[in-house]
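The same protein chain appears twice below, in two forms, each given on its own as structure tokens and labelled structure 1 and structure 2.
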Structure 1
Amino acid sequence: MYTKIILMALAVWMTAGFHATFAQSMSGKEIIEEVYYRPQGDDQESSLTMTLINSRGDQRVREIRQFMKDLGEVEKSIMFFTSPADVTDTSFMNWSYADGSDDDQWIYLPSIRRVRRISSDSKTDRFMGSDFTYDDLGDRHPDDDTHERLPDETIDGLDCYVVESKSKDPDYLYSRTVTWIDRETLIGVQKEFYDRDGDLLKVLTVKNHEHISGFDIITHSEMHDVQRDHRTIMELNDVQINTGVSENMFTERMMSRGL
């Protein structure tokens, strides 16, 4: 019995020690890959509220019900816009491929009552007028950038890896980004975006994350465009993970039928 306990303790100590050693030696790319591939469940549904706040404090609110399913080779997501009134019943579907090939995207506009394929060559466009681009929302593949690990830092009491990333595309929207990643949860808790001139453009701050169904999920974040003093607050509510969202959710039928 004692032998078994000692062996287990040894195994735990060795694993922890190995992890600590591995963590020390991890490269910038390995850390970003750990973040990118951090498990978030095979499927997820949630309600997203996005609040846009300009420099005068005026607010605009967008509300979305969204579903996601990871099918291995392809991750499918669908969004149903519920507010404001002039975009209600609009839906947007995205298929993102693990091999890095271009996403497939469709939009359903109730005014024309049909599903229309749209160009996916717009990952640097703002998402619904917010301070987030589609890339900022997490679709950017680690292979699209080079990553350099900087000295670790502590932010708000969290021990963080710090990684600087530069796009391989010289015409990319940002000259570089710097990400602070919580060593324990592998959640990027803060990220700075620098424009093509090298000036600070935006700061993303994770305000809250929750442990839901065994997964760490960011539920409250804020993007601050420091040059225009414009903010976007994203709040995720009613998050449900691994409830068995049907693949039939990601079809022309559901886009046009709506919720």
Structure 2
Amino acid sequence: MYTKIILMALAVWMTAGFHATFAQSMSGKEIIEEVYYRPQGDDQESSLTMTLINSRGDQRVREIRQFMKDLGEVEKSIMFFTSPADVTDTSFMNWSYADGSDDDQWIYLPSIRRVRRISSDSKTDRFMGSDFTYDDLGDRHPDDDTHERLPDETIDGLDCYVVESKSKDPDYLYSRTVTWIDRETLIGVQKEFYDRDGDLLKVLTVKNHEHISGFDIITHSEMHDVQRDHRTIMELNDVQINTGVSENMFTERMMSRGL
């Protein structure tokens, strides 16, 4: 029995050592791929509260119901604004492709009663007055950027990988981003965005995540535009995973019809 315990302990030690060595040798791209392919369920639905805060501290709160479905070759998501009145019935849909093709995006504006496709030139625009661009809302593929691993750091007690990413597109809206990734959960807990002049533009911080139905889900995050001192807080609640969201949810007809 004593020999078995020693062998088991040795096996655990060797396995832990292997994972530590592997983690230490991972490249920046390999780390980003681990983050990109982190499982979040086949489908998901939730309620989202978006709070916009300007430099004077004034707040605007928007309530959203959103749905997501992973179909393998494409991941589809859609959100419906339910309040306040000036944005009610607005909807937004995003399709991200596994092969790295550019995301397809659409927005429905009830004031003109039509669905408008978001052009590539418009993806740098701010989404509904928030600090997120349309591009930020997409699912950026690891092959879109080059990735350099920087020295690991600790943030708020979390041991993190640090990766600097630069777009292969010279006209991309960010000159680079730097991401801090929790080594245990593979969640990007902080991300800095630098403008085309190389100056810090905004910082995305994950304030909280929860383990729901076997998956680590980000439930509270904040985007801070440091240049104009404006913040957008995203709070997720009523998260339901693998409930069988219908593929019919993700259509232009559903966008204009609403919930």
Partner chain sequence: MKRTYFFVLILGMLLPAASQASDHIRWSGYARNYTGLLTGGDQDFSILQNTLNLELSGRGSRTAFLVNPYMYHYFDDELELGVREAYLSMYFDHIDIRIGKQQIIYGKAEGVFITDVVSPKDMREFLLPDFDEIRMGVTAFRLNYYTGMHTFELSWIPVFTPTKEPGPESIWRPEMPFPVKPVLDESAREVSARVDNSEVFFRYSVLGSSLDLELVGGYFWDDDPALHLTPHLNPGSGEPDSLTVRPEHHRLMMGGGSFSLPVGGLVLRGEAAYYGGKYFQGTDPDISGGLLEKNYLHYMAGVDLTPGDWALNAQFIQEYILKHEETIRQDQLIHTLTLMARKEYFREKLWVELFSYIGLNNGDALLRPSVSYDFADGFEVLFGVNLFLGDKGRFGQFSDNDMLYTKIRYSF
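Every value quoted in this text rests on a predicted model; they were computed, and no experiment measured them. By rigid core we mean the largest C-alpha set that fits within 1.5 Å across both forms. Numbering for residues begins at 1 and runs along the sequence of structure 1.
Quick check on the two chains I just loaded: which one is the form predicted in complex with the partner chain, 1 or 2? Of the two, structure 1 is the form predicted in complex with the partner chain.
Core-aligned, does K166 move its Cα 2 Å or more between structures 1 and 2? K166: C-alpha displaced by less than 2 Å between structures 1 and 2.
Core-aligned, is the CA shift for R114 between structures 1 and 2 2 angstroms or more? The answer is yes; the displacement is at least 2 Å.
Does L236 count as moved between structures 1 and 2, where moved means a C-alpha shift of 2 angstroms or more after fitting the rigid core? It does not, since the L236 C-alpha is displaced less than 2 Å between structures 1 and 2 after the core fit.
On a rigid core superposition, how far has the CA of R253 moved between structures 1 and 2, in Å, if you could check? With the rigid core fitted, the alpha carbon of R253 is displaced 5.1 Å between structures 1 and 2.
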